[in-house]
Structures are given as structure tokens and as C-alpha cells.
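A single chain, nothing else alongside it, follows as C-alpha cells in the form predicted alone.
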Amino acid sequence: MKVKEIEYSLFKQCLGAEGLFLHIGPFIVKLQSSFTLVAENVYLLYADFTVEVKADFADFHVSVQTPKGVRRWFRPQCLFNFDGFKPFKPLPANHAFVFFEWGLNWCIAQYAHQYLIVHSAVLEKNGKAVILPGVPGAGKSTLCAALSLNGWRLLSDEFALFSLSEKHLTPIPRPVSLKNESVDIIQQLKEGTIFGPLIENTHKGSIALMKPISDYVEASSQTAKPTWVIFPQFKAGATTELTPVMKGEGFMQVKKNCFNYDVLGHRGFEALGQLIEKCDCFDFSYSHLDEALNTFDKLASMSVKS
């Protein structure tokens, strides 16, 4: 069943007791948390995802709980737990939901080695996918959110999962994390878009997460063909420009954004080579979001004609 098909009170009760099994892209995540903030946000932002009360298997067993000790009473905190292991220090209690998001990112990056994992946004149109590697301050998530509200299917805001066996991109559509000024920009872009509450004073600034469109969640099993690697860079006052990049340079730039290239060894080298071989690579500078959207739509339209 879908998360939204369960009464919230029962959903919260189950999440706080034994936990629930969420189907998120190719993974099953068992999540347990007694934080109301986690229950409310998962119920809102993962409403269209499949959930089970019981299952025989989960890829990741995680929880977000209150740390033990007297500190919990005068300085409320939350702690991320992965399969009995606590990989991070506690955070303020009001960060509980984003702690789940960040913790799940860590789990995937550390253990999903059936894929070459690139830190990037991934979207698809007309059967072909664009990979937008993530560089801090480049505007990746803003551009990703805008494209996903403008007819591009969201595969991920965080990961390009390039299958080592099938050589395609596996979708894992989740809430898009927006920071600071980007929150207002995207909120004004399309009426009716659902956001979680603004979470302030995180190490990344103020954050709000945007709910993925239900059709994208429904299409989670539909893989995509890697077609473009585009390195976005938002620059105030910049002319909107798409500049070709040699494949060798593209390889080296994407390598910097791979989580598990070294872990995979020669398989990582071969997989990244295969990924780049399938793609045209570009640098992309822009300062106006509407011009950026128009550029991407023209690119997708040209690929259909060709």
C-alpha cells in the first residue's frame, strides 16, 4: 500500500514501535523513529511511496532516536542509527527528519556497490537522461527541482546510480533538498508544489524538502539511458551558455563526484568509461532559471529529431 493510504495516527504508531518498510527506488528501507517530526515529514513527502508493516528483507535498517543520558532533557537531540552502528554525532532534535535523509544518503553511498554512484541530480525526458554532477554552490538542486516541475522526470536529486551489469541509470526519486534562497525561488515556480517545513540553522543553512511528483515515484522501476553529462554553474549576471567538454575532461570531472570509484577498482574505471562514452558532455553557465529551462528543453527536442 501507499503511505497516504494509512491513517496518520496508525502510521506514526507503527513507525515509533517496530518501524515500517519503505520502498525507495531500488531499495527497501526499514525506518524506525519516535520523533513526530520524522513521522509528519515522511507521511507528507513520501506519501506516494509503497510501505509495508512487515517484510522479510530490507537493504538498510535505520532509526532516528533520542540519545540516552541527561543531555536529552535540557538540550534535545537526535541520533541516526544504522544497523546498530552510529556513524554520526547527535544533531539538534529539530533536524531529525533531515538527519534521516542525510543518513540514508550515507548508507547508499557506502554500501550500494552494484552501482557506480555519482553525486549528481538525474532527470529524463524523451527516454534520455541528463546527469548534473554536484559541486557546492553550482545550483544543482535548484536546477533539478525546476526541471522536475517543467516536464523532466526526476530520477534523483542526489545520485546517479549507473548499473554495473545493465549499464543504465536506476531511478531513486526522493524529496529534493533546497537550501536558502532556492527555497523561495522554487516555491514561486509552480503553484501547488508541496514542501516540508523550513529547517533552519543546519550545517547547510536553511533547508526545505520538495515532495516529488507522484508520477515520478510511480515510474521508479523505469530505468533511463544516460545521454548527457552537464556541469551546471550558476553565476549572477552570466550569459546562458552550453559549452561542449571533451570526454576525457568529462571523465575526470565526474570521477571527482563519484562516491565509490576507488572502492570498485577496475570495475569503477570501466563503468565510468562506459558512462562517459554514452554521453555528450557540456559545461553550463546561467543566471536566469527560465533561460536554463528553455536551453534544456531545446536539447531534449534536438535529441528527438536526431
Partner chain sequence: MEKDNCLLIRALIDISVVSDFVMSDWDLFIRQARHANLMAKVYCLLKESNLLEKVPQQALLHLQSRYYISDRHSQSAFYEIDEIGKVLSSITVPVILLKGAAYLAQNLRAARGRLFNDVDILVSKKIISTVEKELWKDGWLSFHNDKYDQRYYRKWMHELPPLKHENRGTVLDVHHTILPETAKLKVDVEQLLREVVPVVGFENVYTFSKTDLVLHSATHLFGDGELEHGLRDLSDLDSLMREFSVSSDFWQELVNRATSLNLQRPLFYAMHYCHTILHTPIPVDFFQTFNEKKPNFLLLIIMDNLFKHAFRPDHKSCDSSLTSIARLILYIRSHYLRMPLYLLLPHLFHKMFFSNKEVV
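Quick caveat, the model's predicted, so the values are computed rather than measured. Numbering follows the first chain given and starts at 1.
In what follows, reference is made to the form predicted together with the partner chain, a form of this protein that is not presented.
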Checklist entry - Heavy atom to heavy atom, is Lys235 within 4.5 Å of the partner chain in the predicted bound form? => result no
Next on the checklist: I'd like to check something about Tyr111: if you look in the predicted bound form, is any of its heavy atoms closer than or equal to 4.5 Å to a heavy atom of the partner chain?
Outcome noted: yes
Checklist entry - Do Glu270 and the partner chain share at least one heavy atom pair within 4.5 Å in the predicted bound form? => result no
Item to check | Contact flag, Phe60 vs the partner chain in the predicted bound form, heavy atom cut 4.5 Å | outcome: yes
Checklist outcome for this item: Exactly one listed stretch (44-52, 277-285, 241-249, 256-264) reaches within 4.5 angstroms of the partner chain in the predicted bound form by non-hydrogen atoms, and it is 256-264
Checklist outcome for this item: Note: exactly one of Asp83, Glu181, Glu218, Glu200 sits with a heavy atom within 4.5 Å of the partner chain in the predicted bound form, namely Asp83
Next on the checklist: Pick out the residues of 164-182 whose heavy atoms come within 4.5 Å of the partner chain in the predicted bound form.
Outcome noted: Leu164
